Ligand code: HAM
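Okay, here we've got a single chain as structure tokens, the form predicted on its own, with questions on binding and movement later.
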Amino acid sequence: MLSRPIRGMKDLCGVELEKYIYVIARARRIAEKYGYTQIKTPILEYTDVFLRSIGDETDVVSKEMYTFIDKGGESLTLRPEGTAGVMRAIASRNLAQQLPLKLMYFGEMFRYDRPQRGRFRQFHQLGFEHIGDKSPFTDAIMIAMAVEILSSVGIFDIKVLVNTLGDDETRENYTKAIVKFFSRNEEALSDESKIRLKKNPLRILDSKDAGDREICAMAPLIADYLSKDSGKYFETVCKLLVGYGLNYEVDSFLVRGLDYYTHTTFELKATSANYKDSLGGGGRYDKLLGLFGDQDVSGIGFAFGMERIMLLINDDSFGKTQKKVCVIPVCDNENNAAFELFKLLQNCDLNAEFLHIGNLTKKMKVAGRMGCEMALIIGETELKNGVITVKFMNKPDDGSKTKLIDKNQIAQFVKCSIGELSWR
């Protein structure tokens, strides 16, 4: 038991960790271009933060949250998503006085869900929130930014789905129509959706149950219940997306999984042969910040599932570290001189290793295993003559594999040689 992680949780190392760092770096660069700054919130929040914002009828709250009572008797929850914590931070730190806010976050989230490909119980999200600017232009810009982030890491096979949940008037009228329709078909609904019908009927449209999906296909469309303002708002968003050159589809049943969305919702789905599922999504919310005792301020946000993005990034570009050299003393007598050379290379910002344990044959094998391009060898003869033996690890043994270099010129020689090796 002690030798493996908890089910649904995994270690990040090697190529996977390199991919994670790469995606975050690309996303951060693009976010800066769009005017976003980073925020970090705690992994743990008071449970009410999520009960209040996500809604206790959602699957996240009712079945998936990791909640416990701490030693002080407080109910705490490991964050299942990032938006609620960001809203809590804005309210608690009076950041709403600095609107508009553009915030980026990334980190671990936790949900007790069935582990499967691209889905874990501890997973990582990359998210963005733009608060204090209600405009179809803002919605279109955020969707375009999401697409740009994916394309920046080489993911082009995606489908952009959009929908609208409208305003309060739209939601009220549409909810009545949905309740009437699903009530007529209640016997055919899954047990879960029967519960949703009484608590949150719109969420039936988000059901993954095959039988529910068949019924949903015949359900009324929200487009038929949009208020005049909501219809105009969504029409403008769609026109702006066309202006961006984005291919999108209107998905009338895209309601997202959380309760706080209004107006525009969107999702980015992978269409590659490797993985066909949602990479992330989000939408606009009008009253979420007000739930934390602050003023009602409209916002829009989205989040990506990092593990899902990492699945689609080719491994071939990763796991290749900077060209590396190793310093090898032949015997213990040369350790001090070799160590001085190692420090010199490090001070010159060169990627170096100091291998001094074992005989020369063993040291050379270790150097090869570590992917070193060059071995800098110091023995009794080298010390006496003031030179370094340079052995190119990946060259054929044709006379050019080994060179003798003056010790005073070795740092410059290594720098030039590493540059040449990088262009092989």
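Residue indices: 1-based, along the sequence shown. Please read these numbers as outputs of a predicted model, since none were measured by experiment.
Although it is not shown, the form predicted in complex with histidyl-adenosine monophosphate is what the next lines describe.
Judged by heavy atoms within 4.5 Å of histidyl-adenosine monophosphate in the predicted bound form, the contact stretch among the candidates 149 to 157, 80 to 88, 212 to 220, 336 to 344 is 80 to 88. Distance criterion of 4.5 Å from any heavy atom to histidyl-adenosine monophosphate in the predicted bound form singles out Tyr105 from the list Tyr105, Phe292, Tyr225, Tyr248. A heavy atom within 4.5 Å of histidyl-adenosine monophosphate in the predicted bound form is found for one listed residue only; from Gly280, Gly132, Pro136, Pro201, this is Gly280.
Using a 4.5 Å cutoff between non-hydrogen atoms, Lys287 does not count as a contact of histidyl-adenosine monophosphate in the predicted bound form. Contact annotation: Arg119 falls within 4.5 Å of histidyl-adenosine monophosphate in the predicted bound form, judged by heavy atom distances. Contact check for Ala352: every heavy atom lies farther than 4.5 Å from histidyl-adenosine monophosphate in the predicted bound form. In the predicted bound form, no heavy atom of Phe234 sits within 4.5 Å of histidyl-adenosine monophosphate.
Of all the residues from 193 to 216, none has a non-hydrogen atom no more than 4.5 Å from histidyl-adenosine monophosphate in the predicted bound form.
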